[in-house]
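Each of two forms of one protein chain follows alone as structure tokens, named structure 1 and structure 2.
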Structure 1
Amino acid sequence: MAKQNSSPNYTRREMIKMSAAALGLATFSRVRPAFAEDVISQAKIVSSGEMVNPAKYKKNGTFRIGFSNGFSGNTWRTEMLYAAKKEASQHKDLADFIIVDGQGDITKQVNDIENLVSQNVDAILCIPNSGSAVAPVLRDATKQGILTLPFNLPVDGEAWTAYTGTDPQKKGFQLGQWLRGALGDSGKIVALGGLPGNSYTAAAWKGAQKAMEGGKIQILAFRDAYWEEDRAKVVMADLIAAYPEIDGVWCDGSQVAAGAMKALIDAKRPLVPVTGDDYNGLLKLYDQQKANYPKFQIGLLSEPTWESVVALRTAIKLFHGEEVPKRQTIEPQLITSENYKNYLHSDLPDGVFVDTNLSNDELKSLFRS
């Protein structure tokens, strides 16, 4: 699957044409999402008390929106980006949707955002590689009257317009609690995260460590695994070689978790309790292997790929003169060994993240090999 590593300037007409070609349709129509009639409207999204006044952002004509994607090296980003493009194509007053890819490079992302500012965009969506590194450039853009809407990964401070995402520290704490319980409050674990220095993993791992305080859980090691299954498999193989006993694996993402479990299988070691999110590949692996490994359990909290849609809609609401919350926190879906079959889709590719607003047909087309 090709990475999104260019920075095209899509007109609305070009977006519709491009997206329709991927689906084999003339235009986007309302289709049945994979797991609910309207996933976003049914989701629990908690709004902060502080609201953003739209008075200085309201526009009567068309507007231009930029999106700084920190990197695009996994299928969550692929799915998220597709959902954003689809949403953008449905708004007639969105004249341009400019997408730039930081390629995992913090400096490049800062430069990308500065370039979007120089192109006179009206709003900037952003998934930061580093919440601290992008904070100053987003603050400067906000001061210039540009809407700034980080989502998915937190940004330091509050010098941005509005934020959308789950609470990574809370999620990390809950995953840590689950793993502690699955191990009976005693055991040796390793932990795998995402990109080095990213704010999501940092917050989630902080929460996980807090959850394990006062117990008999021994943390052997923490490693960055870039949210990539293949890389996680290599990282986990090294950990297996270093530690003869691993009783559990804490991960903030299930692509990483799937790679870790496959490394255990290759090493002929038993599968153990593992945490993560809503990656179909891990759900399929659990379904295939649970009978072979009695201690194999999963405790997962979803990370919705439709966060990009909510962020984009938030910008558009402000342009239309609607008040919006400063912060929108999405409550993730809990997936365990007890309810995983409600989320498992054996007929869809491993790469699918199941907390999605895309249809099965869209997902099959998107991940067609």
Structure 2
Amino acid sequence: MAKQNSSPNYTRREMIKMSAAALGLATFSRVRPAFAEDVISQAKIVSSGEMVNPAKYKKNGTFRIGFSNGFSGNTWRTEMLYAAKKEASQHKDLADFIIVDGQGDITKQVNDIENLVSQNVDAILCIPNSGSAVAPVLRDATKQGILTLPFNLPVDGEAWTAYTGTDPQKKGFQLGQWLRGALGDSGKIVALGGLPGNSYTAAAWKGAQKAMEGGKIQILAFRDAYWEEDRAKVVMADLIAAYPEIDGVWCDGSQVAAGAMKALIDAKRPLVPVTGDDYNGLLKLYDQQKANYPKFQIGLLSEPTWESVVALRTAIKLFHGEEVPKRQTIEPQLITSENYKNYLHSDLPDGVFVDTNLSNDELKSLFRS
């Protein structure tokens, strides 16, 4: 088991500036200035103590990388893919960057990865639809000497080369702690999650419940809202009818948080403290409504769309013969009422996830706004 949190914590900007040894981003000379300048996030990345030996992966010539994306079709995935393609285009020794889409299908993704193996790629990046389903095929690829780099969502076991992502349980805990603080350790809350049975929501909610243990926070209900604004608004409207007092809303995503707040507005109820992630729609809603509702506060933890860039750079570092950490855990900082303006994009659509390495112009071009 990889030892976690064994290296000191730095902000990501600090890590980049300090040549990012613990980050695994090589020497300062290898870090592109554009990346450091574009990213507004102050997220930290904590590296595990266990390192991956690059000896057997080092390549002198060009190499080919495949990316099995579990599905596409939401704006987080779109930004993540754009960031990955942009990064790939900047490495001349990356001869081929093949992206395959699992279309949300567990079996198709396993097949996709098998196809990448048969195409003799040198590395496979992967956001799994199911952490258990892709584990055997990634293990087989690793045995064949292919670099396997799952990111964003974890893969069961350790039979892969290196992992990059946030810790959902820890994020849920921190969001729970923030909400508890915002409510003065007392009040009634409802919680809205993502897809039923999804491991991310399950872990985040587990963390949140732990954070609220022992206090005077009463959890009225937990409901899945499919990470969709409309579904969240409908579910929240039901909960509003059932519970005359709702003092706070815990969400693991801000589309859901925005839907919940819109339901409160429709029901002519005051907006309350709410948690979520870095979805621009909630930041815009907060900016528009904060003056009308004194108790309205936000506590958000981002899920950076640049995770794909870190994963890609990790693969390239290994091909260049550099050591990388087995696990890189992203620990984003809180976006709150105090600092939200640093992240808000009033001129961009709601769907933008603001913790990105893409420039404003790139985002405008991507979202055609």
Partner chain sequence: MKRIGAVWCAVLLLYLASGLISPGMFQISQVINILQVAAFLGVIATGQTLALLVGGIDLSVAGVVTMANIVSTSVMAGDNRAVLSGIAICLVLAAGVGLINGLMVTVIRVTPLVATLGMNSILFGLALVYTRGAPHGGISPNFAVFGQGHLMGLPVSTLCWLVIALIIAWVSRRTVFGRQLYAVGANPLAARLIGIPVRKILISAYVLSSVMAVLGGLLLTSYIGSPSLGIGDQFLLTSIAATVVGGTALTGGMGSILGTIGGTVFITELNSFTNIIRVSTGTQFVLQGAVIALSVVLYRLLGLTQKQQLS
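Rigid core (definition): largest C-alpha set, two forms, superposition within 1.5 Å. For residue numbers, the reference is structure 1: its sequence is counted from 1. Since this is a predicted model, take the numbers as computed values, not measurements.
A.B. asks: Report the structure number, 1 or 2, for the form predicted in complex with the partner chain.
C.D. replies: The chain shown as structure 2 is the form predicted in complex with the partner chain.
A.B. asks: Verify the C-alpha shift of residue 83 between structures 1 and 2: is it 2 Å or more after superposing the core?
C.D. replies: No; residue 83 is a residue whose C-alpha shifts by less than 2 Å between structures 1 and 2 when the cores are overlaid.
A.B. asks: Once both forms sit on the same rigid core, is the C-alpha displacement of residue 159 at or above 2 Å between structures 1 and 2?
C.D. replies: No.
A.B. asks: After the core is overlaid between structures 1 and 2, has the C-alpha of residue 200 moved by 2 angstroms or more?
C.D. replies: Residue 200: C-alpha displaced by 2 Å or more between structures 1 and 2.
A.B. asks: If the rigid core is lined up, how many Å does the C-alpha atom of residue 270 shift between structures 1 and 2?
C.D. replies: Superposing on the rigid core gives a C-alpha shift of 4.7 Å for residue 270.
A.B. asks: Could you check how much the CA of residue 179 shifts between structures 1 and 2 after a rigid core fit, in angstrom?
C.D. replies: In the core superposition between structures 1 and 2, the C-alpha of residue 179 moves 3.1 Å.
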